[in-house]
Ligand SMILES: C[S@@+](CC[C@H](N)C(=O)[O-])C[C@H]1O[C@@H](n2cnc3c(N)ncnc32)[C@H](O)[C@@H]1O
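This document opens with one chain alone, in structure tokens, the form predicted on its own.
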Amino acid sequence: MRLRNKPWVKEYLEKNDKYLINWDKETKINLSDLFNNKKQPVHLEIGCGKGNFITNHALKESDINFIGMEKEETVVGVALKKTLAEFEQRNKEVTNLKYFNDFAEDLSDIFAPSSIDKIYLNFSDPWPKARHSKKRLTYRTFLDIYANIIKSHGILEFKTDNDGLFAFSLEEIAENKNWELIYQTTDLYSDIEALKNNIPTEYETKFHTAGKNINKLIIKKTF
């Protein structure tokens, strides 16, 4: 998600750096040092956008620690501002959510093996041209990376409005022995049971309101 540069973001992030994860690129992040409630499970959203999804998860699930990963600094600033405002409105302190403003092609460079409990991929760039298929976040090499950093029998959830990307993702998963498909739908909003605990992203709300079907799948690590 690209936003125009906002002049206030850099100073805002520096002022609120306790909600950010700093990575020295030399060692893997020690997740037990990030949160005071260090024994809680850790859920990672890759490409957190403006923060609606992960903020509402953090508010709803105080027994889970969340990391919102986003490479665009401006987007992180907007997301963090939203998080702090939402928590303040409810007279709550943000203790279980931090943002990670960085990027690495291989997440195994950042996170230790079997350190993440759950991964969310929401409305990732579809990279529609065939020659760019290896950049799609559900390509087989990425699936292998997720399997490395996620804990035994950990869960990955994926939502997209792009039907082509969804079909591609199902094909990649079918060929990957590290993952078992446990749920899929091409019309999330027709599944009343699945919607009970669904938290939408900004894109999701936009596309659903416009009448676009929302695809979702859930996979579980097989070992």
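Please read all numbers here as calculations on a predicted model, not as lab measurements. In case it trips you up, residue 1 is the first one in the sequence shown, and so on.
Keep in mind the form predicted in complex with this ligand is missing from the figure; the text below concerns it.
With the partner omitted here, the residue from 109, 117, 125, 144 that has a non-hydrogen atom within 4.5 angstroms of this ligand in the predicted bound form is 125. This chain lacks the partner; the member of 151, 81, 71, 92 within 4.5 angstroms of this ligand in the predicted bound form by a non-hydrogen atom is 71.
Remark: residue 86 does not count among the residues lining this ligand in the predicted bound form, judged by a heavy atom distance of 4.5 Å or less. Though the partner is left out of this view, residue 139 does not reach within 4.5 Å of this ligand in the predicted bound form, counting heavy atoms only. When contacts are judged by a 4.5 Å heavy atom cut-off, residue 215 does not count as touching this ligand in the predicted bound form. Using a 4.5 angstroms limit between non-hydrogen atoms, residue 44 is distant from this ligand in the predicted bound form. Screening 31 to 39, 47 to 55, 186 to 194, 166 to 174 for residues having heavy atoms within 4.5 Å of this ligand in the predicted bound form returns a single hit, 47 to 55.
Interface residues of 87 to 108, taken as those with a heavy atom within 4.5 Å of this ligand in the predicted bound form (partner not displayed): 102, 103, 104, 105, in sequence order.
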